[in-house]
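One chain comes next, on its own, written as structure tokens: the form predicted alone.
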Amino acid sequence: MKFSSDDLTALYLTLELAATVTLILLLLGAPLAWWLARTQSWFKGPIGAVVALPLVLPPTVLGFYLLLAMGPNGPIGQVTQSIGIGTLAFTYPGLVFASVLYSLPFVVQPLQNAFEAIGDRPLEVAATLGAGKLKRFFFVGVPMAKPGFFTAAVLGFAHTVGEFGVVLMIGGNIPGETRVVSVQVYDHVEALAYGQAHQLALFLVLFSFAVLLLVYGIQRNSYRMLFRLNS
């Protein structure tokens, strides 16, 4: 494959965006997933539904409302303007914010499943040894849910790489700043440059296939580990 300088810039920006979003999602999603896995609160259902909303909501709908919220008259836009950073729409930080919301379920749900698979017994044993809630989370929950963290990181990264609707609505198409690889493919198709579009699209296909193989391998190994622990 031979990519143009614009293609390479879009690829670099996409990888940078995906890495940033994945790190933020792991930091924010792990406590949220732990709470969803352990709580008996009535709020678990509504909050879980809000987290999963991007799975069923059209990306353009989410992008449209985020665009309104980030605008000069929107609640987010008013806050960002009041602290002197302007509006987030059509900027890289705005792209990060939108991507975090859009990819949230792809990180939270694998982590929640991993935390739920731990069961109560390890946590009860840790509690009897004097471990508080934070220690049980960091020294029991996180280590035992390590395969879930790998799966969540891979899915969050891959989903961010493949975004189109939300990034186009929020970031627009600014070269070197918000033009990610999915938008670059769209630009090539619009310009009838099917050869360049094919190269980028093939890269995304191969990348997605490799991601799925990695996720299935992680899940298979985690199931084997759980079977050994329970046998």
Partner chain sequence: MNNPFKKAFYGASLILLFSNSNVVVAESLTIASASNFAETVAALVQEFEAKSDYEVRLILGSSGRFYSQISNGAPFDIFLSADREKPAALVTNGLALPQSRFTYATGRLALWSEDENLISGDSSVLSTDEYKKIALANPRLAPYGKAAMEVLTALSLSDDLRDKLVQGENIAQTYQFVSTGNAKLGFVASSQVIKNGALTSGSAWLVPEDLHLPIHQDAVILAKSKENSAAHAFMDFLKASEGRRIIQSYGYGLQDL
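Worth saying up front: this structure is predicted, and the values here are computed from it rather than measured. Numbering follows the first chain given and starts at 1.
The same protein also has a form predicted together with its partner chain, omitted here; what follows describes it.
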item: Location of its partner chain contact in the predicted bound form, chosen stretch of 198 to 206, 28 to 36, 62 to 70, 43 to 51 [non-hydrogen atom, 4.5 Å]; value: 62 to 70
item: Exercise: Ala89 in contact with its partner chain in the predicted bound form, heavy atom 4.5 Å; value: yes
item: Ile174: touches its partner chain in the predicted bound form, heavy atom cutoff 4.5 angstroms; value: yes
item: Partner proximity in the predicted bound form: Ala191 to its partner chain, non-hydrogen atom cutoff 4.5 Å; value: yes
item: In the predicted bound form: members of 175 to 189 within 4.5 Å of its partner chain, any heavy atom; value: Arg179, Val183, Tyr186, Asp187, His188
